[in-house]
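First, one chain by itself in structure tokens, the form predicted on its own.
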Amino acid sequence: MLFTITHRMGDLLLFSIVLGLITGVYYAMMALGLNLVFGVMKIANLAHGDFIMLSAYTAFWLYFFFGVSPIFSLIIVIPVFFVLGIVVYFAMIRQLIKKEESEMTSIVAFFGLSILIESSASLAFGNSYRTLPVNFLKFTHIPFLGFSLSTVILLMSVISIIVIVFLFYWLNKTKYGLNVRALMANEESARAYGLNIGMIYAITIGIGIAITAIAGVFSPFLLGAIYPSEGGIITIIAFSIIIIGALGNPAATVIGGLVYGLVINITNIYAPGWSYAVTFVILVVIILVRPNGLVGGRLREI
């Protein structure tokens, strides 16, 4: 009997590790846009979670009114939020980066934007909790190690991997992406080479918010219901992930996401009520021991 219980706990631990890696890829994508924008412009987007919330509402209303599957809603969500990111650049960021102490100024400005988005969403959508159904897929669950694994979570993980690979391909193999890397490495040299800095900034934040919006479409399946005030919590999670990896380094976001996913899922076995607390304790330890993040020393620039 003891062997059976121990064997079952071993399977549960293994299942949690696998689930942690699967969800960790999503968490990495969720924070990727935030770290990309910070790495290029040194702008702290405190409205990051609010863009995820808006994207989740967009996917919900597309499904509710038109029956559009969350997968196909990406066809609408990606270009809309890409354009929204460019609008945010010309409306806010272009003025912010001209100021001294632009990082601190951006914190104040995006905190105000976060409050504006949250208040507007509350007025427009109400404070009721909403969610998306999982039955838009033919099979909702598959057996794994004697447990049930959501096919939506698997799909979410696959899409996250595709997005991450796309971003790193764009950064490393395209002319525009290489210009972004050059700007991240040394802004003064990039200006000396005659790069169009403003256009690079605009495209970068457009891509960053578009990636954030992709995460938003799938957020109800992992983070729970959609509601206007969820943005602040999501922003805290995203900042935790990028600090665990390395602040300002998009590549390290993948490490941060995987660590976060593993800690959350494994802790849920042994201390379900303490999963977020344990995560933030680990975050504090990392900050004290390695202020640049787990891989900040090696992968600070990509």
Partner chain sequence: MGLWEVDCVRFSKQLRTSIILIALLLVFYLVAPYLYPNRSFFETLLVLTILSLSFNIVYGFTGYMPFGYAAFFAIGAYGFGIGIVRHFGLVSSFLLGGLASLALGLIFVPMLRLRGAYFAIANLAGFEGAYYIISNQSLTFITRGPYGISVSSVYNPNITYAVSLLLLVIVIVVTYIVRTSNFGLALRAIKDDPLVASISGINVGLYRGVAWLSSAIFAGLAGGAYGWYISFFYPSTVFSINYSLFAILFTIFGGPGTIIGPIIGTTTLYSLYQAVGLSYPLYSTLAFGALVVVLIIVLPEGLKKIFRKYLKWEML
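Residue numbers count along the first chain shown, from 1. Predicted, not measured: the structure shown is a model, and the values here were computed from it. Between two forms, the rigid core is the largest collection of C-alphas that superpose within 1.5 Å.
Below: the form predicted in complex with the partner chain, not depicted.
Comparing 178-186, 67-75, 215-223, 88-96 against the partner chain in the model of the complex, the single stretch with non-hydrogen atoms within 4.5 angstroms of it is 88-96. Not displayed here, the partner chain is kept clear of N196 by more than 4.5 Å at the level of heavy atoms in the model of the complex.
Although the partner is absent here, T140 is not a contact residue: none of its heavy atoms lies within 4.5 angstroms of the partner chain in the model of the complex. The partner chain in the model of the complex comes within 4.5 Å of a heavy atom belonging to A44. Among heavy atoms of P133, none comes within 4.5 Å of the partner chain in the model of the complex. Taking V80, L149, L155, V108 one by one, only a single residue has any non-hydrogen atom within 4.5 Å of the partner chain in the model of the complex, and it is V108. In the model of the complex, the partner chain lies within 4.5 angstroms of at least one heavy atom of each of the following residues of 110-126: F111, G112, L113, I115, L116, S119, S120, L123, in sequence order. After superposing the rigid core, the Cα of V281 is displaced by 2 Å or more between this form and the one not shown.
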